[in-house]
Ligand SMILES: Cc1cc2nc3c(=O)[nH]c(=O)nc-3n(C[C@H](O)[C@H](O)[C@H](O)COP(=O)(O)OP(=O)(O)OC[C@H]3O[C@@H](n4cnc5c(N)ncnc54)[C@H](O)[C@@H]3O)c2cc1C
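Let's start with one chain on its own, the form predicted alone, as structure tokens.
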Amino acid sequence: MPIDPICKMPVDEKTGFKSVYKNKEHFFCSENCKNKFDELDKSVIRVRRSLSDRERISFGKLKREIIDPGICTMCGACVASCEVLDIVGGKPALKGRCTSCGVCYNQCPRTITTESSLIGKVRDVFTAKTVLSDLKGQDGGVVTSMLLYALDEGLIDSAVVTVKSEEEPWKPVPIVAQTREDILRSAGSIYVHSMTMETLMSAIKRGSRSIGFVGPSCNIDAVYKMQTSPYGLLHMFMRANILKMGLFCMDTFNYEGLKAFLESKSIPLSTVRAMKIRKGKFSVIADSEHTFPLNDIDRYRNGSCTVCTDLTAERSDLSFGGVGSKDGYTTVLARTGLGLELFKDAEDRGYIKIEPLERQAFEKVLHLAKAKKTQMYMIKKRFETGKGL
């Protein structure tokens, strides 16, 4: 005699209620128990309907990204959500035709499918550029413009920024900027990690009480932890306010390695005027522009970058990057109320021009953020060598 899966009571097949789920018959003692069981099917239908207008995602995508690399936890969420999936040979596998509804992919705990899980909490998204004629920054020059606005308006008394060494071209040097000239010196990207935390502590010790701090996610995370952890150095130091201005960052590189690479291409660092990374290409502008596949400098990538999953500096007040915006503009993610208010006020005061970021452009940010979130999955297929990681 079958057992009701809801109330666990024995059921007479002739008089009981019946439902079919995943090609298996289930019997119930009452219509109430049957309805509770059928709610699962209704939930799956609702999810499929909500996903129908989005990207079509097949089981093949789940297999490529999660199952084949050895990331699958064998929780069975995908199998439980789809009647044509089952465990075969110790792995989820198709036993029928996939309709690309995307339900299995969206149940998996290892896939990343929501905007907040890709880029953190965001209040609004913009594309912007400086309107200051004397500013020549990276992309739209918005970071430098925001710092100048905050300094001119007395909102900050200093900024922790990175400039290029005068002795060793393109080597990063963190400084405490307290003048317009210092801030202008920091314009432009340097694809080498800058040790800004000691400089931040130096600024506080010197009496700075309202500080603009610029850095990628790893440095922003350090400030955040120092402020919020009960063991953080700034947790109970309430006299220092820090405006966290995060930079989009996919990778940074070893200075000596980058120098050696460019010299091997007959490009001395002293002749380089700008560097850019866009669309998988590393571009260097010296006497002329030189472009290389990004893979050519992968060996000089800092080891910590291979385990970083935060493209957009999720714990900042404002995040800035070139991804998604057209040339001459910066993509800006306003994350906190303070960040959003300052950003809009900077436009009102005549420092920047703001436009909404179109959805198609924003999707490029999400796409690259996902690539960074999942890069650890793809570094190695965990059991490819038989040794694991």
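A residue's number is simply how far along the shown sequence it sits, counting from 1. Bear in mind that the values here come from a model prediction, so they are computed numbers and not experimental data.
One more form of this protein should be noted, the form predicted together with this ligand, which is absent from this view; the next part is about it.
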property	result
Distance check, T144 to this ligand in the model of the complex, heavy atom within 4.5 Å	yes
Contact label in the model of the complex: Y300 to this ligand, heavy atom within 4.5 Å	no
Heavy atom of G120 within 4.5 Å of this ligand in the model of the complex	no
Distance check, F320 to this ligand in the model of the complex, heavy atom within 4.5 Å	yes
Partner-proximal stretch of 246 to 254, 222 to 230, 112 to 120, 259 to 267 relative to this ligand in the model of the complex, 4.5 angstroms, heavy atom	246 to 254
Heavy atom within 4.5 Å of this ligand in the model of the complex - the one residue of L132, V176, V192, A286 that qualifies	V192
Listed residue (V125, A240, A187, L155) with a non-hydrogen atom within 4.5 angstroms of this ligand in the model of the complex	A187
In the model of the complex, residues of 133 to 162 near this ligand [heavy atom within 4.5 Å]	G137, Q138, D139, G140, G141, V142, V143, T144, L147, V161, T162
